[in-house]
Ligand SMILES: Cc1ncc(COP(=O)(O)O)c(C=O)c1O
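First, one chain by itself: the form predicted alone, in structure tokens.
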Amino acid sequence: MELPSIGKLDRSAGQLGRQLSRLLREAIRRGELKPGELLPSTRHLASSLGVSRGTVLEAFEQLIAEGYLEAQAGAGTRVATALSDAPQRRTPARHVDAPAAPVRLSTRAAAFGEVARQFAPLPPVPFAVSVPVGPTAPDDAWRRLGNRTRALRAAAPSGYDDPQGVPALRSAIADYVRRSRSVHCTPEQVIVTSGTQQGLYLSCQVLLDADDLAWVEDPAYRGITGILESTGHRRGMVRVPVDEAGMDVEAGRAMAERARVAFVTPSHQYPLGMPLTMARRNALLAWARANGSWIVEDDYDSELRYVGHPFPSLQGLAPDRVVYLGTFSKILFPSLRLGYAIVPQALVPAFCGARVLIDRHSPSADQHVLAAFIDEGHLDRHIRRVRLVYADRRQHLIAAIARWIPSELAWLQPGDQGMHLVLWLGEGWDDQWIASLAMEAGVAVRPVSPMYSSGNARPGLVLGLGGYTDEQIDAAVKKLAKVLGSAARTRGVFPAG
């Protein structure tokens, strides 16, 4: 290790050995050198300080005698481990600093801080979304492909790669979305991202100028509203209401006919779960064509419909007006951080340039692994398996809620697809407070109200599906029922007992 903490020796003052021992002693007292840490060899330290080895030996021997250092033959010299049990002495300050001024955050910094709070990772317990354990985790095929592809030169560490993504993965994605989602594209239109969140950020950067308006669903995924709020587009965000048919296009036209972009989740509205009807899809596409506007299609949870067949993508109906976003992180495992944006050909250079300024490109080795996973049919088999597991877990969760949570306290939003359910709470409830109480009880849920615009919020909880056992689901629902019952008595909804 290097020792920048000891600073420089004053050669004009002489007694370099004593100077070095004093500087090392003070570094240990300040905690800059920790008990048990190995110091550089005397030869290396002497060379780096430009002094004789005897000077370093003198300092080390003095500190060993004082108990600050300990030496073992063949094991080098370390800071004495016994110091870990001793109270640390601090070098007194030479002067008293003036009281620190309060930290002043910019408006954007405050917005980012709020996003960090709301997106803090949930522990892997019910009902955190997409916890890949047991039958919902990728099987050994992923590990085998990882070992195989990393042994190939193409997947080995190298220089900077194409910001658009590895060609093999772009080809696999283009083929996959054609088969599964009726998307019309070529591999040249695919931009590999680190997930849907990055796809949304790129879309905002590329498609919106400073004064442009953007339609956003109400309620909506906090990932998109947070981007717009923190990047100077708060005033240009037009919150379009959602009903049982999805985004109300006519309401959007009445609110902002000339909006530049519409951000939608047509396959599975987030968080409520309904698909955008064909009538609304046609109306949305007609609006975009008439105004030269863009549609950003977040194809959230499209793989997980449990009744009937999913609607085809909006992109397949208007490839020239739609930016299509998808991700593998949810269906495989969240830490994978690989997704994709499929963009009209005219937008490809702009998306690539924006990607370069963010993080240049995704890790190349994982892209090769994922390409092989898709090409060899493992992804299709994994999705079929996960769909069956989640359908079973979903039915079990619905039954458990009906059994243990009274409908006077909470009730489920109807739906037939996706990785989560919405549990509505009665009017006037504070769902953020309930979520914090549930967390204290060991149940992980997210509140729904922050996903609404100001003045339109409804209280509810997002209950995610994951690889949880029936026993874990039952235990979590019972805990949540107890939390809700206690909160209801506190609010005077039910009499105590």
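What you see is a predicted model, and the numbers here were worked out from it, not measured in a lab. Just count from 1 along the sequence shown to find any residue number.
Another form exists, predicted together with this ligand; not displayed. Remarks below refer to it.
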* To do: Evaluate Arg337 for contact with this ligand in the predicted bound form, applying a 4.5 angstroms cut-off between non-hydrogen atoms, and reply yes or no.
  => yes
* Looking at the partner-bound form in the predicted bound form, is Asp298 within 4.5 Å of this ligand by any heavy atom? -> yes
* Asked: Heavy atoms within 4.5 Å of this ligand in the predicted bound form: does Phe127 have any?
  -> no
* Asked: Do Tyr221 and this ligand share at least one heavy atom pair within 4.5 Å in the predicted bound form?
  -> yes
* Of Thr196, Gln417, Ser171, Ser180, which one comes within 4.5 Å of this ligand in the predicted bound form, counting heavy atoms only? -> Thr196
* To do: Only one of Trp215, Tyr270, Phe351, Tyr390 comes within 4.5 Å of this ligand in the predicted bound form by heavy atoms, so just point that one out.
  => Tyr270
* Region of this chain that lies against this ligand in the predicted bound form, out of 356 to 364, 248 to 256, 326 to 334, 279 to 287 [heavy atom, 4.5 Å] -> 326 to 334
